[in-house]
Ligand code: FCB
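Take a look at this single chain in structure tokens; it is the form predicted on its own.
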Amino acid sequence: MFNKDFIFGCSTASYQIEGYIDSDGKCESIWDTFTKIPGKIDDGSDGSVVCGSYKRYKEDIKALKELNVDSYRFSIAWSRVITENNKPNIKGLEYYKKLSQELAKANIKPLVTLYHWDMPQWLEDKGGFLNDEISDYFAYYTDVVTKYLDGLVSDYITINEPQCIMQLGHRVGAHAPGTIYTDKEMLQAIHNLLKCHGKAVKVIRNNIKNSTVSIAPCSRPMVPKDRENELLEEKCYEKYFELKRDYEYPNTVSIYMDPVFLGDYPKEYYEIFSDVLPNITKEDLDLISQPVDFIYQNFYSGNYYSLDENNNLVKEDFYKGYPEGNIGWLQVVPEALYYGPKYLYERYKKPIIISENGFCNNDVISLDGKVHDPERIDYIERYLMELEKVSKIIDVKGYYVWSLLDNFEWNNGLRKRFGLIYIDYQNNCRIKKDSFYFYKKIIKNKKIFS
């Protein structure tokens, strides 16, 4: 069993659930702009309605209370709380205050993500992460939010999945804003993003007593096919943190986490990018490596590896028909929640919190009016079993399922469902899936027996 202080929670993100994108002074975000471009969203949907949580947040919290979660991770829409004149929008801030107050009444601790991909469009027009002043804008935004929510929120994540921000938003173009960067621009943007993180940490520490704060990257761990082979595990560990100058280097773990946790980029960073390096000062690195409390990480899948006859690492192909979610990248690899946390703990020496883990399923309303999702239940159970195993050898503090609600799944639109609660978008109603009650039972048993 997990220890008695283990945190069970649910995660969501503002643009994916709130709706009401034109209400109460909210300005346009990069996703509001991106969804208007024909062909960018698979089903042509956008964030205008989605779950309607901007008005239905009390209903969300009632469901969280029924689950008996310890914590709710939600994000703040930068474009909802800061105007185009870079001033506080009180109506937007009031929404998050009321949300936090309702959570307090329900005895659920909020975990707030400051940036979950919805940059104000006016800031993107100024250069976005290529603008060297972006970290000052982010620090100001952080200052406004933390002061307004002081006494209600003490736990913060600065930035969610920097890998997706850069790889999908600026390499592949599948996510907003879809502006493709050169290598030189990419490294500058990554460096500026990390400075945003560092300045936000300083602001949070200054404004909030007894605060906790960190960043929440994502990763796809290398899982040894033979769990008894120590050499194989060692090579998987090395591969997990390896940085190469290839098409997918913006997805690398170490390019973001080494500066935050170890105080500098990996040594190979300076070698392989010598012709396109941004200006990196000691002051920058000291800023980026402000002390943080946890290793947050979003895990969904992984890849199996073996060794050939010469002890070279070989990636195993998934066989045809291999179990996977209803989205192309989500193969079911439960051991990812063992080896990923283990690798991160060994390198960075901080307590681990799984900030996202969940399953995309082809959910439907059955003839009995319920939503039966045994695949999601099986996924959560298998992954938690692996997390429980690794928690016996490293410090694991918590687990947040993604997501409380079906929602707008970025470029996939509304067709992909990750929620414990089914959203009937056509009839504007919600149905708790079987997985909701399964997760409720998991939490109850932990609180009874731990």
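All residue numbers are counted from 1 along the displayed sequence. Everything numeric in this text was worked out from a predicted model, so none of it was measured.
Not on display, but discussed next: the form predicted in complex with the named molecule.
- Contact annotation: the named molecule lies within 4.5 Å of heavy atoms from the stretch 293-301 in the model of the complex, the single such stretch among 311-319, 362-370, 293-301, 238-246.
- For the marked spot (D24, S53 and Y95), a heavy atom within 4.5 Å of the named molecule in the model of the complex is absent from each of the three residues.
- Contact check for Q16: a heavy atom falls within 4.5 Å of the named molecule in the model of the complex.
- Using a 4.5 angstroms limit between non-hydrogen atoms, N160 touches the named molecule in the model of the complex.
- In the model of the complex, the named molecule stays beyond 4.5 Å of every heavy atom belonging to Y57.
- The closest heavy atom approach of F418 to the named molecule in the model of the complex falls within 4.5 Å.
- Residue-level contacts in the model of the complex: of D70, E386, E409, D32, one residue has a heavy atom within 4.5 Å of the named molecule, and it is E409.
- Of the listed positions (F138, F129, W117, Y256), a single one reaches within 4.5 angstroms of the named molecule by any non-hydrogen atom in the model of the complex, namely W117.
- Using a 4.5 Å cut-off on any heavy atom, the one residue of 320-349 that reaches the named molecule in the model of the complex is W329.
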